[in-house]
Every structure is written in structure tokens, then in C-alpha cells.
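Okay, here we've got a single chain as C-alpha cells, the form predicted on its own, with questions on binding and movement later.
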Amino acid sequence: MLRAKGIRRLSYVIMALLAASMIVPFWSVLVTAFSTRFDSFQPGIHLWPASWSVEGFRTLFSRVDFGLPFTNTLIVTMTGTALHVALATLGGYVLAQPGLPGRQLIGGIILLTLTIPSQVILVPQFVVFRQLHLLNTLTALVISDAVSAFSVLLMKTYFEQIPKDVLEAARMDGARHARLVWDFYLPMALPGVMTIAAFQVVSRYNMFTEPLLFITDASKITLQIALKSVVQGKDTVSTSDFIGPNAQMAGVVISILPLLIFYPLMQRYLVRGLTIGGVKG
């Protein structure tokens, strides 16, 4: 009993340290963003601003036009997520069919692709997009990572958990594949769909390498690329024009603010989706 309590307390300490390692840096970023330009240059971790100021945000908005980059990011995120969910659903549905020839082999090959780093295929993607004249288009960002093995296998796992008698009754009533997917599979696998959608929204909103590689047209850049020049301070030409850490951290806060709103709304789907989806492989 004493040993169990000791292990539990040690677990609490470790979890508290892990939480602090993530919360303290974020809090320091937030405090720096709301500090004056002079105060933000002070070294060390900032736990409270010497004086509250929105000077950094004013500087940021005067240097970056957020309208077009945010619209591009929204288009890529929403369209890409919808495409990814649709393809993962169709792929999972096909793999969940017991009569599919070579079902185990196909599933194994798809699982094997999880071992391939995404960075490895960036150069082949660039070559293909250039040949298809997709560079400097939002389409390139939408179809990049249009489907993944994780999403397909997760949907397959959900679909395999649907009661067989329900599906047999639907087939006896004359339900075709499209109706089975829309009326039975999707409603019963909604946590899995929401899990994939949530991960895709976060991934595509934070997409950085792909826009940096595939987009050079200023009218097609995304929010993360637009913020890069401000955060890195590469647009400055003089000491007086130098972007202070408060404006740089304001850019970080602006970029993650939508995700801070999104995550609490989707948390129950993320937790439920990953736990239920991992019951059966």
C-alpha cells in the first residue's frame, strides 16, 4: 500500500514537471507579447510584464496584412481536411470488407508506409507538382497529405466494430454501398471521423514546410509563412526598424490563438476517438 502511494505521488510529480515544461514557456511567450518593446529585450523567462502593453500587436498588424494569408490558410485547412476525411473513410470502408481479396496484404502494405518519414517524399512531390503545373497554387497544399495510413487504418478499425447484424439487415433491405457508408458506417464511426478531422485541422493550419517549398507567389502564402518574416525579423533594414521580441511573440500568439479555441471544443472527440479506435487493430 505504501509503495503504491509512493509510486502515485512520484507520478504526480513527474506529470507536474512535464506540465510545467510546456506551460512555463507558453506563459513566457504570452507575457513577452504583452510587454513593452524595451521590457521584452530583458533576458530570461518572463513570468509577469513590468508594464502591460499591446505595442507588440500594433507593430505586428502594421507590418503584416493578415487578411489574405489567413483566407488562404482557411481554404487549405477546410478543403484539405474534407478531402482527407473523405478518402480515409472510403479507404477504411474498403479494407473493412471481409470479402476483399488480399485484405491482410493490402493492410500490411498501408501500415508499412507509416515507417516512411514525410520529409522523404517532399522532393518527389515537388517534381510531380511542377510537372502538373501545380506549384504556386493552393491545390498543391490541399492534395499534399490528402490521405494517410493512420487515418485509413483508424477508420477501418471503427468500421470493423459496427455490429454485423445491423449491416446484414441493411443489405437485406437493398442498401447499396453509398447508403451503407452514409446511413450506417459514418454515424456509428463519428468519433473516428471527428478524430481524423481534428488532427487534420491542426496539421494543415500549422503547415509550414509545404507552403515554403511549393509557394513563392506572395498572393498564395499562408498565415504561418506570413508570420515567419516578422518572427525572424528579416524585413528590418535599420536599428530603429528592428522588430522587438514583443512583436515576434505577438506573432506566435496570433498564430496559435485559433488552435487554443479549437482544441477545447474537439477534446472529447480526440480522447474518445483514440481510446475507442485503439481497442481493436
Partner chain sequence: MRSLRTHLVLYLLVAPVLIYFALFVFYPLAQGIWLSFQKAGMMGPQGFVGLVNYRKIFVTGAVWDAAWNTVAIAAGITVFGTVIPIIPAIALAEITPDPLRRALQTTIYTPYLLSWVIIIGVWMNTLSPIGIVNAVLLALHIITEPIIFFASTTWAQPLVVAQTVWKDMGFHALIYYAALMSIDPEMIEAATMDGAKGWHKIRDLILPHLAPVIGVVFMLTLQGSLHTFDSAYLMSNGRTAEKVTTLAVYAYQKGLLQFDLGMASAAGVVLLVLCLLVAVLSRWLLPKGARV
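Quick caveat: nothing in here was measured; it's all calculated off a predicted structure. Throughout, rigid core stands for the largest set of C-alpha atoms superposing within 1.5 Å between the two forms. Numbering follows the first chain given and starts at 1.
There is another form of the same protein, the form predicted in complex with its partner chain; it is not shown, and what comes next is about it.
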Check your understanding: Ok, M194, M78, L167, V202: which has a heavy atom sitting within 4.5 Å of its partner chain in the predicted bound form?
Key -> V202
Check your understanding: Which pick from S62, S219, S51, Q42 sits with a heavy atom within 4.5 Å of its partner chain in the predicted bound form?
Key -> Q42
Exercise for review: Can you check 186-194, 70-78, 203-211, 156-164 and let me know which stretch has heavy atoms within 4.5 Å of its partner chain in the predicted bound form?
Suggested key: 203-211
Check your understanding: Do I121 and its partner chain share at least one heavy atom pair within 4.5 Å in the predicted bound form?
Key -> yes
Check your understanding: Is N136 a contact residue for its partner chain in the predicted bound form, using a 4.5 Å heavy atom cut-off?
Key -> no
Review point. According to a 4.5 angstroms non-hydrogen atom cut-off, is T36 in contact with its partner chain in the predicted bound form?
Key: no
Exercise for review: Find out whether any non-hydrogen atom of A82 is located within 4.5 angstroms of its partner chain in the predicted bound form, and reply yes or no.
Suggested key: no
Check your understanding: Is any part of 251-265 within 4.5 angstroms of its partner chain in the predicted bound form by a non-hydrogen atom, and which residues would that be?
Key -> V252, S255, I256, L259, L260, Y263
**Study point:** Is_shifted T216 between this form and the one not shown (CA, 2 Å cut-off, rigid core)
**Key:** no
Review point. After superposition on the rigid core, does the Cα atom of T115 shift by at least 2 Å between this form and the one not shown?
Key: yes
Check your understanding: C-alpha of Y12: shift of 2 angstroms or more between this form and the one not shown, rigid core aligned?
Key -> yes
Point to revise | I45 and F262, C-alpha gap in the predicted bound form relative to this structure (3 Å or more) | key: farther
